[in-house]
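Read the single chain below, which is given as structure tokens and is the form predicted alone.
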């Protein structure tokens, strides 16, 4: 059974491997957050490429070590791009991260998320309401999958999403990260609570999206659970450090990227978290 020390050693390995290898983690992400996602991926040592056309989705999936797919600000072409890319990733055995932004809102988003269930993302990252709604949409919990989100905001607590997160992880065989004041990460058997962060993360656009992009970077170098935990720990550490220097959200964002880049592997592994096997 893995203990906390072993988990920390795996986090250190993931961070160091990414910085040594500069893995490409392509993204299909929403238009509001493209820049921030790419910059966060670059800050931790990864390489970024943002696409949206169907053939480019398959192309970047082939070239990348891992891929991030975010269903925010959908265009009609995504109806072909997202499932084609997810199918390619699944069939080629490559890790990919799903961010079910605003799940339950609109027919295209609902259709897409139902369609890609069978392609089993390695990591699912979302807020509590998105995780609960997705588990219901995929018929993995008793919920009917009705929309619980308010735009892209959560109306549920992280605690209330734990069962849905475990159900999703059980289906995919990967990991689920639930973002909140205290973040929850699980692979269905092991779980962790990650502490830190900053209220400023809620005042800038794309903090969750960029976390998903960074999780994809780390997924190229570690298991889904370790990748999700490493990305979350890195964000919580960088945010808490940046907050001490910032005057507000405008100065916080560039400081956050700096701290994300400067964070040492040992410091990321030492960021406060609680771990247990279930």
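Positions refer to the first chain, counted from 1. This one's a predicted model, so the numbers in the text were calculated from it and none came from an experiment.
Heads up, the form predicted in complex with a further copy of the same chain isn't pictured, but that's what we're talking about next.
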property	result
One residue of 115, 202, 189, 160 in contact with a further copy of the same chain, assessed in the model of the complex (non-hydrogen atom, 4.5 angstroms)	202
Contact label in the model of the complex: residue 265 to a further copy of the same chain, heavy atom within 4.5 Å	no
Non-hydrogen atom contact residue 16 with a further copy of the same chain in the model of the complex at 4.5 angstroms	no
4.5 Å heavy atom contact, residue 33 and a further copy of the same chain in the model of the complex	yes
a further copy of the same chain contact at residue 90 in the model of the complex, heavy atom, 4.5 Å	no
Contacts with a further copy of the same chain in the model of the complex, stretch 108 to 124 (heavy atom within 4.5 Å)	108, 109
